[in-house]
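In structure tokens, the next block holds one chain alone, the form predicted alone.
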């Protein structure tokens, strides 16, 4: 039963490994932006030696893990499914002998696996070699970080899937996606650590799935907070968002009319 989905994971990996030049270009861009971000944040931390519990090594670790995870988690939607809804090609997808949501999730896991090798490891190693960096004290933390990253990929996919489904009603969902993309970088902990925010805002953000996409894997790697609670937060949001996506997909395809077909 799972075999077709395992093939889709491999297909997702192979699909993205085909575009190696694009991956290397993205890696270079991420590394350059990482240098700019770490310079700004180290200047902030350097004023007092630490900020919100982040010293120079914590700041460097936060930046390089964030730059590496950016392509793995893919917090910004690519609108591929939304465009297939708009063109009507989604009718072909729905006619295939699979469940659309887990099929796309399997392909996204394959994509994330390729990004982990090409887009995550090089910038993190570069940052660890040339700038202050804090490695985990316990070897088990690395395993928990992998688990947290997989959960982050699932949460991000489930959120992007929900966004794409809005195309069934809007046809062109670029406005929704633009607002989401503009806000996500800040509220998921890419721009600055969520610990930098005022406490009421920090509490409000942890009532949403956004920290689970990026800040939580970084916190697990940095051994910040209770790891079990962090992973439980991610697992809860992954389950809720996947369930919401499945329900919305059923609702959207209950009566589907393909224009011109």
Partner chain sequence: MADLGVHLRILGSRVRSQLAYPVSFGLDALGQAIAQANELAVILIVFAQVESLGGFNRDEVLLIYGFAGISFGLADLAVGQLDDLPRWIRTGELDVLLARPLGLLPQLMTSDLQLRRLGRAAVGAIVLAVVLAHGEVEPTPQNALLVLCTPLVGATITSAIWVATCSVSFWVVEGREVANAFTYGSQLTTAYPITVFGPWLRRLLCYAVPSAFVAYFPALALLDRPDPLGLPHALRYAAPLVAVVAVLVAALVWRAAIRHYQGAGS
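Nothing here was measured: the structure is a model prediction, and the numbers come from that model. Numbering follows the first chain given and starts at 1.
Keep in mind the form predicted together with the partner chain is missing from the figure; the text below concerns it.
Novice: May I ask you to check whether residue 33 falls inside a 4.5 Å heavy atom distance of the partner chain in the predicted bound form?
Specialist: Yes.
Novice: Residue 208 versus the partner chain, in the predicted bound form: is there a non-hydrogen atom within 4.5 Å?
Specialist: Taking the distances in the predicted bound form, the answer for residue 208 is no, it never comes within 4.5 Å of the partner chain.
Novice: Since only the chain is shown here, I'm wondering whether residue 95 would be in contact with the partner chain in the predicted bound form (any heavy atom pair within 4.5 Å).
Specialist: No, residue 95 sits far enough from the partner chain in the predicted bound form that none of its heavy atoms falls within 4.5 Å.
Novice: At 4.5 Å between heavy atoms, is residue 226 in contact with the partner chain in the predicted bound form?
Specialist: Close contact is absent here: in the predicted bound form, residue 226 is far from the partner chain, nothing within 4.5 Å, heavy atoms only.
Novice: For this chain shown on its own, do 29, 175 and 191 all sit within 4.5 Å of the partner chain in the predicted bound form, going by heavy atoms?
Specialist: Contact check passed for all of 29, 175 and 191.
Novice: Counting any heavy atom within 4.5 Å as contact, can you tell me which stretch out of 95 to 103, 146 to 154, 181 to 189, 110 to 118 lines the partner chain in the predicted bound form?
Specialist: Every other range fails; the passing one is 181 to 189.
Novice: Relative to the partner chain in the predicted bound form, which residues of 52 to 71 have a heavy atom no more than 4.5 Å away?
Specialist: Going through 52 to 71 in order - heavy atoms within 4.5 Å of the partner chain in the predicted bound form - there is one hit, 52.
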